[in-house]
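In what follows, one protein chain appears twice in different forms, each by itself as structure tokens: structure 1 and structure 2.
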Structure 1
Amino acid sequence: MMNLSRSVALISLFLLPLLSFSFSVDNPTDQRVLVLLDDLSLKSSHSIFFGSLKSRGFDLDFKLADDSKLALQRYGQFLYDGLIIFAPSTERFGGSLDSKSIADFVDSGRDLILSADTSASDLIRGIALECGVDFDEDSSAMVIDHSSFPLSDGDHTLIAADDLVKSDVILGKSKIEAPVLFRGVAHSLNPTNNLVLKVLSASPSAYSANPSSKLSSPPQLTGSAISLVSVMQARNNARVVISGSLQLFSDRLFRSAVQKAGSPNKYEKSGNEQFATELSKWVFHERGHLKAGSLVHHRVGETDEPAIYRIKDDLEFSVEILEWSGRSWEPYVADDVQVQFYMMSPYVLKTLSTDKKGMFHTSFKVPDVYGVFQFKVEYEKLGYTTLSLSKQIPVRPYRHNEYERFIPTAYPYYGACFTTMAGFFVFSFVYLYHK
């Protein structure tokens, strides 16, 4: 037993450094990804999507969702940087994995891809609901569209969707020309959750219902309110993708030719592969990940950072912001980064200029108010990680010997004082010597 305990201790010491270096600030791209499947045959039916991830350097660990040895943590450290759940019908995960451990995984800043379909279990629906996504309550309902469908589809449950979010950060700079094929379940977004966003929306003519039965009442989800694929970026910059279709990632739909009803354009291949690939780059932080250096400030004409400023001092402020390109850090270029000089409320709000090399800078005059201020940079932009930086600095008033000897605005008062003295002298002279 003693030898066994020593062996476990040695293994723990060996594993802990490896686990702690799995996610680095210098390399934010997820490296090790756990893939949970309903059936291992999905490895071959969705091989193009998984092959794309492997070609970009990801280490995929495929496991059945009910594997009794499933675990996201060991010895207090996370084993994976990302999680893909392609197991919509799973009622219960194996091992120590459950909805709470997945929520903790996302709360730790790690990323998740969750895909459902018409067989989505309450477990999968619950995980999606935690992220602000509510799947249609009718488990037999599918998205149906009688106008936006490929000509090859007969029952109009295969949707040819082209209402994509307009964001180069999330979907890449190359426009997705071909429609994205979708067959699955609809979902809506929680209106109180401002972190979740529709990436692929249904057309105004779409609705969610059971395709094998007649409608007895108006469907609850209709039109553009239906989201097909949504994303969420949490406040800790963890990213989540939720899709209502597992087939969207399949090789069959990747390779399918598509011609949307009412459109003369015919495409040899759907937009699914490009859509899924670009979306996976975003969710696994290959794109849109920012980092900032320390906030630098000093008086104009100086280089050292002072411990305190005086009111009306002229100062210069700068911060370096870099963007991860998937392989290296590149200068971030934007014209909407701002700095606040803040005490209870912003006294100064300035848009920073950039030198196109990642350095953002500005200069301004310290307000005529003393107290404890903060330099604050809070940057939020669609698709990018959030930056929240602050640095505290006190501001003092003038000392007694720092005021100007004669203040120009007081010249009228000076004149009045001397005029009064001169008038009193004249009056006294006249009163004393005039007979």
Structure 2
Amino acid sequence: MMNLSRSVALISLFLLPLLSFSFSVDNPTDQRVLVLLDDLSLKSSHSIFFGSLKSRGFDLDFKLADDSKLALQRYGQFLYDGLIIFAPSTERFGGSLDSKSIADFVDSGRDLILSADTSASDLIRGIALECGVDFDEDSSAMVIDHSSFPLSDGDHTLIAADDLVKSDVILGKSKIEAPVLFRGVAHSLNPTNNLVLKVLSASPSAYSANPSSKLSSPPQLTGSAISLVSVMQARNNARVVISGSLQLFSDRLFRSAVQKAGSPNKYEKSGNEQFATELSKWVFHERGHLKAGSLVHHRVGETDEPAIYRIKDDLEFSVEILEWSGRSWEPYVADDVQVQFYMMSPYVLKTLSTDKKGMFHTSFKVPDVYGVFQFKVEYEKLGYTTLSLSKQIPVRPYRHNEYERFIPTAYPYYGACFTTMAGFFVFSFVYLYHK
């Protein structure tokens, strides 16, 4: 018994240095990434993408999808911070991996890149469905577009897409000029789901159908409802990228020149490499990750935080928000962070002003209602982690000696009382001493 506990302690001691090389609150970029492939030749056919990840410091662990020793967790600790599944035709994962363990992986706040291709197995579809993404039910369907294809392609299944989401956080500051080449399956998103987002959409002339057979009925998925690449940011800020094409990440499409049919612009290089690199920076938390310090509030003119406010007090509120730059915490600059003074509904809603060094502040008057309020900062900007901060503070009414001593509206009445007194005295004199 003693020996067993001692060996467990020894093993966990070995794992301790392993555990420190993972993402943490102070360093939110992922470190160790497990890459699942269904064919080891993907290592060389997608070498540019994997090379760029390695050069940014990621620790990639390549494994076949049906490797029997696959595990995401050991002894309750996760072994990886990120997961890339480039195994579109795998029916079953090896080892202890299945769609439930991958769902637990994302639930713990870890990130995922999932890619289907011209065929997507039920397993991959199921994982995508957990993340809110619906692949086309027809397993032989591909995205076809007869007007947005590159001139080099023959059968219009290779798409040149340029309908990208307008977000500097997700796709980087520099605009992706060249179209992104895509060949694969279509997926759609539930419009009521507010956690998923289309990053690369198909053009209005695209549709999803089997390219080698004649269409017997109009296709179900058409136009801009087709998403080619989508992202999901979960409520615990885990990020998932789901792509309908594995070839989008391949060296061949990274290097190929593009000229879109009907457009005079010829690009030496497609936008794929920039697109994939920027997206991987976003999904592995190198960009767009916010951290907030504590909320600080006090009365105007004081520095200590009071335990209770009085109605109609003037108070100042500030919060510090930092943004992770990939290496260090930088001050976050934005003009749309708001604070609510909330009790069942916001009584005060103010936009915070920033000093560009990460401090956001404002001042306002406590409303004329007493009760237990909360300072609430609920910040959900596209592509950024959600900030949900709150701090409770009670508000009391006036004490009996804090009211004004003389009410200005009542001055005539005070005057009337005094003139009555004076009148009484004058009357008494006149009445008693008249002759």
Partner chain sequence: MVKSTSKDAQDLFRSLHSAYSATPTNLKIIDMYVVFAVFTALIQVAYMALVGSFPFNSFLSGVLSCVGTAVLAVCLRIQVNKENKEFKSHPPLGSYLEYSYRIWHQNEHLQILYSATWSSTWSSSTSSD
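Residue positions are counted from 1 along structure 1's sequence. Computed from a prediction, not measured in an experiment: that's the story for all the values here. In this text, rigid core is short for the largest set of C-alphas that superpose within 1.5 Å between two forms.
Student: Kindly point out the structure, among the two, that is the form predicted together with the partner chain.
Tutor: The chain shown as structure 2 is the form predicted together with the partner chain.
Student: Expressed in °, what is the rotation of the smaller rigid part against the larger between the two structures?
Tutor: Value for the rigid-body rotation reads 18 degrees.
Student: After superposing on the rigid core, what is the C-alpha displacement of Tyr414 between the two structures, in Å?
Tutor: On core superposition, this C-alpha lies 4.0 Å from its counterpart.
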